[in-house]
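What follows is one chain in structure tokens, specifically the form predicted on its own.
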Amino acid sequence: MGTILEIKDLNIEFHDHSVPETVVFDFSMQLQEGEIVGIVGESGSGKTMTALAIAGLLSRHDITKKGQIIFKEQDLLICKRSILREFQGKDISMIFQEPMTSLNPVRKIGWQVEESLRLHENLTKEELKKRAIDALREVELPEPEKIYRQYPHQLSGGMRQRVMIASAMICNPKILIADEATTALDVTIQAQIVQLLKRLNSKKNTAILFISHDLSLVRKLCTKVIVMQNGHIVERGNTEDIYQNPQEVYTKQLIAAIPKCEKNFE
């Protein structure tokens, strides 16, 4: 495996208040091809800001970003917008916590799943439809031809999240960023989505950054974990090592917060 993404000393500072506020401090990591890495921490820890910076989705106006995010020999923090757009959705894709706010309520599912293909590939209408239905089938949605013609409100929350994964994976990206992608789902559907991400990772060798506040979910999916608190990395390492033998007080608190019933069923 080779290094597909390298982040060096990333700092993110907001300027939308009277006093500048740094939300990410000196974040560094390497992501290998096909690797699944979890970034875990409570709300406000900086994990989502880090993910958005990698995806190129942070505004360039009232935010200062320092450091480097290297992908395909390009620094995503300073590269031309045209280069960044070429990567977004094609090589680096992202799925979010609540698909109902990410999906367009007035567009059919098929049109939305095809969107990245329309931007990055020159395909006929028939080819787009076939690729979209194949993508819906690949995320194990029943009757993909029917779902292709439906609207988001006609699907359950778990089905909508599978649609978002299909949309993110349709161009076979090198990196998939899942930002709290299971938080809005019940525990049974969470487990199904985690298993789906595992299968897609195994089949397509897509590297996954899994952003979560839930260390038990991270343990089920990720081989490595980075623990963040107040914008800082406080601990990192192999997931099982950190789960079994956490070194930092904050990590111990996250593990202690996992419901006992989840621990008992592992």
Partner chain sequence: MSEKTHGVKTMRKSEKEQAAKRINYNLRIGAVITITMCVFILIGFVYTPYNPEAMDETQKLAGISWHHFLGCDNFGRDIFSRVLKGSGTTLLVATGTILIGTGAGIILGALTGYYGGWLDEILMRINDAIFAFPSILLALVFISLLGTGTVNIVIALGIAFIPSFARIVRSEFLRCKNMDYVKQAKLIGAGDLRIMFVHILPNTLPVLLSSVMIGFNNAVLAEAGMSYLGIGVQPPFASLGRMLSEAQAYLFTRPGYALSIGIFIILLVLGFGLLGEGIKELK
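Numbering follows the first chain given and starts at 1. Nothing here was measured: the structure is a model prediction, and the numbers come from that model.
The next section is about a form of this same protein that is not shown, the form predicted in complex with the partner chain.
Contact with the partner chain in the predicted complex holds for none of D26, I63 and K80, as no heavy atom of theirs lies within 4.5 Å. Screening K129, R137, H120, K108 for any heavy atom within 4.5 Å of the partner chain in the predicted complex leaves a single hit, H120. The partner is absent here; in the predicted complex, the one residue of Q195, Q154, N172, Q74 having a heavy atom within 4.5 Å of the partner chain is Q154. In the predicted complex, the partner chain sits beyond 4.5 Å of every heavy atom of I233. Although the partner is absent here, A55 is a contact residue: one of its heavy atoms lies within 4.5 angstroms of the partner chain in the predicted complex. Among residues of the shown chain, R85 is one whose heavy atoms approach the partner chain to within 4.5 Å in the predicted complex. Looking at A184, you'd find every heavy atom of it more than 4.5 angstroms from the partner chain in the predicted complex. Although the partner chain is not shown here, in the predicted complex the stretch 150-178 places heavy atoms of H153, Q154, L155, S156, G158, M159, R160, R162, M164 within 4.5 Å of it, in sequence order.
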